[in-house]
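Two forms of the same protein chain are encoded below as C-alpha cells; each is given separately, as structure 1 and structure 2.
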Structure 1
Amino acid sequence: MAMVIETLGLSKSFKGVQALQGLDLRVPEHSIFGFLGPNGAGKSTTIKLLLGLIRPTAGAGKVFGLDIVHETVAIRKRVGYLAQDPRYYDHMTARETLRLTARFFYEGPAGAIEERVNETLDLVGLKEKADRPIKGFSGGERQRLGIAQAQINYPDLLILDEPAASLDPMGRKDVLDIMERLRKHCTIFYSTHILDDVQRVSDSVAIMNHGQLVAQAPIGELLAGSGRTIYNVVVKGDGAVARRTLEEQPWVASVEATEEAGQTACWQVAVTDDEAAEARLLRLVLSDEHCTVTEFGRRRYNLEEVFLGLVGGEQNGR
C-alpha cells in the first residue's frame, strides 16, 4: 500500500525540551488516520513538522515522497490544513477568506474562482453567512470555515489538528460527517483526544505519549488487543473440571475468573495460539457435562481501554 506520510526518527526539541522523539510514522493512502495522544504528547508538533512550519532537530520525513524540510511548498500545494486554533483575518468575510485561499492554489478567471468558493461554502453549510465578517462567527462556524479553507484545493491529504475539540455534540457530528464525505477523495490525517470520534471514523490509528509513538495499527487490530488474545467465557454450573482442562492446554497462558455470581462464572482465557484456541477452546468447555456455556467470544477492547492502557492513564503527555 502506498504511504502518504512516512517519517523516520523524526525528532524536535524546543530549548532543550524534547517535544518529539524518534517518530516513525506511516500513513497509508486513502485512510482516515487518527493521531491520538494526551495534551502535550507531540501531535501538533508532528503536524507542524509535516507542514514545514517548524524544522526537525533530527530524523526525516516525507509527504507524497517529498522532503518535509526542502520541498515544503510542493507538499503544501497538495495538502489542506486545519489548525487546532485556526486564526484568520477577522476583518475578512468567509467568502474573502476562501477567495484568498483559493488563489494560493489556482489562477484563472475570477468567475471560476468564485464558483469554487461557492461550492466549498455549500459543502460546509456556510453559504448564508458567506458575506459576514469572520469576527462575528461562532466556534462551530469558524471550524466549518476552517474545513472549507482546508479543502478548497481538493487536497490529496487533509491534515486536521483537533478538528472537533472545541465543538458541541452537534458541531462534532457535522465535522465528522464532512470528514466521512471527504474520505473518498483524499487521505485524512487528524489529531484528536476524543476517542469516540476516532472509533467512529478512523481506519488506522497512532497513539503518542511523551513525544513518542506508543502504538500504530489499523483500528481493528488495535481494538482486538495486542499480544495475547483474550477470550471471554461465561459458564453456568460447576465449571471446575472444564477450567482445569483449559489450564492444562499448552496454548492457554492463563484462565482468570473475573466475576462469579451463584452458579455463573466468567473466565478470561488468555491464549498464545489463536488457531488452536479457535479450533478447540469452546469444544473443550462444552465437553464438560457439569456446566453449560452461556456466553463465548473473543474480547473486543474499546479504544479508551487501549488508549489508557498505552498511555498509563496519565492526563498529560508531558
Structure 2
Amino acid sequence: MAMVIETLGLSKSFKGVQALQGLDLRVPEHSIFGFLGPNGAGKSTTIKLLLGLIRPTAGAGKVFGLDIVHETVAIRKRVGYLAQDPRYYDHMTARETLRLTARFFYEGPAGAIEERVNETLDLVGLKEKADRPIKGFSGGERQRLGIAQAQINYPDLLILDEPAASLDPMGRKDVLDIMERLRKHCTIFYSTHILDDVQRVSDSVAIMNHGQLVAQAPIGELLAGSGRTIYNVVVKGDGAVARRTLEEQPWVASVEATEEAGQTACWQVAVTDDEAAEARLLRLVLSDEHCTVTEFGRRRYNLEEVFLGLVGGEQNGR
C-alpha cells in the first residue's frame, strides 16, 4: 500500500523543550487517518513540520515521497490545509471567498474558476447560502466553508486541524459526512479530540502522548485490544454446568461473571487459542440444555477505553 506521509525519527525541540520525539508515522493513501493526543502531545508540531512551517531538530519526513525540508513548496502545491479556527472576511460571501482562493491556483479562463467554485459549494452543502455574507454563518457552516477552501485546488492530501471542534452534533455530522465523501478524491489526515468521531470515520489512528507515538494501527485492530482475546457470552437460565465446562478447557484462561440479574448472566471468557475458541466455545455453551445464549461475540473495545489506557487517564484534548 502506498504511503502519503512517512516520517522516520522526526523530532522537534523548542529552547531545549522536546515537543516531538522520534516520530515514525505512516499514513496510507486514500485513507482517513485520525491523529489523537492530549494537550501538548505534539500534534500541532507534527502538522507544522509536515507543511514545512517549521524545521525538524532531527529525523526526516516525506510527503508524496518529497522531503519536508527541501521540497516543501512542491508538497504544498498538493496539500489542502484547514486550521482549527479558520478566519474569513466576514463581509464577503462564501462564493467570493472560494473565488478569491481559487485564483491563487488557476490561471485559466474565468469560466473554469467559476465551475470549480460551484462544484465545491455543492460538495460541502453551501450552494443555497453561497451568496450570503459569511458573518451570518453558523459554526458548522464556517467549518464546511473552511474544508471547501482547503480542497479548492484538488489536493492529494487534506490536513484538517480539529475540523469538528466546538460544533454541535449536527455540525459535526455535516463535517464528518463531507470527509467521507472526500475519501475517494484524496487522503485525509486530521487531528481531533472527539473520540466518537474518530471511531466513526477513521480507517487508521495514531495516538500521541508527551511528544511520543504510543500507538498506530488500523482502527479495527486498535479496538480489538491486545493480549488475550475476550468473548462476551450472555446466558439465560442455569449456566453453572456450561461455565464449569468452559473453565475445564485448556485454551480458556478465565471465565468471569461481570453482571448477573435474575436468571441472566454475562460472562467474559478470556482465551489463549483463538482458533479453538472460534470452533468450540459457542458449541460448548449451547450443549448445556439448562441455559440459552442470548448474546455472543468477541469483545470490541471503545476507543475511549483504548485512548485512556494508553495515555494514562490524562484528560483528552488538543
Partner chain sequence: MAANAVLKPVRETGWRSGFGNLLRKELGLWFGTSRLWKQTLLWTLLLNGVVALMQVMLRNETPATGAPPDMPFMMGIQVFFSLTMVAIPVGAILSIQDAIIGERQLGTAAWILSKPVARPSFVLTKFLAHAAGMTTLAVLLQMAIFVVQMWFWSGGTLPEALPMAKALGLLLAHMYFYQALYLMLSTFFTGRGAVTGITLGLLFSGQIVPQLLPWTLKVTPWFFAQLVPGVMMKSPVPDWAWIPITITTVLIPVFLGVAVWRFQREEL
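Each form is matched to the other, and the largest set of C-alpha atoms that superpose within 1.5 Å is called the rigid core. Here, residue number means position along structure 1's sequence, counting from 1. Since we're looking at a predicted model, the values are computed, not measured.
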| item | value |
| --- | --- |
| Structure that is the form predicted in complex with its partner chain (1 or 2) | 1 |
| Core superposition between structure 1 and structure 2, C-alpha change of D274 at least 2 Å | yes |
| G125 C-alpha shift between structure 1 and structure 2 of 2 Å or more, rigid core reference | yes |
| Large Cα move at Y301 between structure 1 and structure 2, threshold 2 Å, rigid core | no |
| Inter-form CA displacement between structure 1 and structure 2 at R142 - rigid core frame, Å | 2.9 |
